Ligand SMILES: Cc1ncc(COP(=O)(O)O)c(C=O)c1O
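The chain that follows stands alone, in the form predicted alone, written as structure tokens.
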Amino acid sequence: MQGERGTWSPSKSTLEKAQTVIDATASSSELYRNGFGMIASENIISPMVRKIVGSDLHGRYAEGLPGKRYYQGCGDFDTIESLGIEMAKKVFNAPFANIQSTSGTVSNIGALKALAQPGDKITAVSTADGGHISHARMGAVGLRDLDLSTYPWDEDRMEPDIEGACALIRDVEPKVALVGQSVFLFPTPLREIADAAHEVGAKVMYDGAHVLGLIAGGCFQDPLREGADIMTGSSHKTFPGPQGGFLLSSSEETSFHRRLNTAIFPGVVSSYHLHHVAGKVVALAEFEEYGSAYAHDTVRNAQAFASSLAAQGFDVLAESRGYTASHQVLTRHGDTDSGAGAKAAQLLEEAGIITNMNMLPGDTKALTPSGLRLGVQELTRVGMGPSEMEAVAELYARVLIKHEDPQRVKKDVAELKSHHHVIRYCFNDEQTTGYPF
């Protein structure tokens, strides 16, 4: 019922709906407070970033670029975005940076809009081999109506077969040669692919969504120096900021910069979540200070975790290459398309360990895959190291190999996690925890 001055007295049913959301949010926070967040595409933001994301900027609008706006009241945001552009150029060592994208996928759509016309040819990693859905007909590639050919895959090395990929590029003569994956264990042999692509006049696009923080931290590869014309990425995976994306380029050409900026706005965004952009800028400042240590510690933890899983008896992929050079670890839990990965993920969740099932080479059904894709970037963020990785692997084994009751294991998961609530690698880390709700 409407009260004085236009206020409303909410009904019981609407209050109950709001309370349902509040309760579910608190429950989710509790799940991660007491458990292990090990989905490779996730991370937690710092308290300073969280403060910015919850600011008045959430409800504000800006279109265009700093100093060239379609709205009034953008002067302060111009300061923020201008600073962020310069910081992104520094952190990623890039002549060009656009920080407006609202996600990695939106960055990819914008990049493809800038580089190709509908009907043009593109080469990429197939989703069955670890390519992201935005690289496929079901995603951004299909949205731009591009003619897709996928690289042959080297299962032992978990990367594109380099000779076959270069031969494909020379044969197809694509407009864009896209590399990068969602399952991303090792650096891509980029120089060879870039040479072949540039030979036929193609632009090279590197999707660094998963490994962007490792790249910026100097411990994966350096795509913009290895032949990539464009690098896209997410701002919330191994780069530990708020939800959003980046578009970066090695080009010094002003005309190309204008094309990229135009592809983002008005190409794929209108106003672009100013609170998240501001949060990215704070995250860039934190990464400039702590990013190298965070990236190196993340890779070290992934390698320790993979080795510990193998020692427990798990089938960890890419043993011949040392399992991983990123934040990710892949494990096989049964026959191809058996659904063993889905069953393993469910049992682990019952024990408070949050993972995701994932297709491995040979799988053809996304909902019944044989594998898990595991990430250690969030556990690293809250201060876990190699010794904890060994303990986490033992907890995995208790659930999936020794077949202990997951509820019993869950108590030990919560005990280990109780010592790791403070977010590291950010400003004022000793005073803040990652689970405020």
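Treat the numbers as computed from the prediction; the structure is a model and nothing was measured. Start at 1 and count along the sequence shown; that's the residue number.
The form predicted in complex with the ligand exists for this protein as well; it is not shown, and the discussion that follows is about that form.
Note on the partner interface in the model of the complex: the residue among 181, 298, 98, 188 having a heavy atom within 4.5 angstroms of the ligand is 181. For the options 250, 331, 103, 221, the one in contact with the ligand in the model of the complex, meaning a heavy atom within 4.5 Å, is 103.
In summary, the region of this chain contacting the ligand in the model of the complex, judged by heavy atoms within 4.5 Å and restricted to 204 to 212, 149 to 157, 350 to 358, 282 to 290, corresponds to 204 to 212. Proximity of residue 326 to the ligand in the model of the complex: non-hydrogen atoms within 4.5 Å are absent; the residue sits far from the partner. For the chain shown alone, residue 34 is not a contact residue for the ligand in the model of the complex, no non-hydrogen atom being within 4.5 angstroms. Not displayed here, the ligand is kept clear of residue 276 by more than 4.5 Å at the level of heavy atoms in the model of the complex. Within this chain, residue 234 lines the site of the ligand in the model of the complex, having a heavy atom no more than 4.5 Å away. Contacts with the ligand in the model of the complex, taken as any heavy atom within 4.5 Å, map within 30 to 52 to 41 alone.
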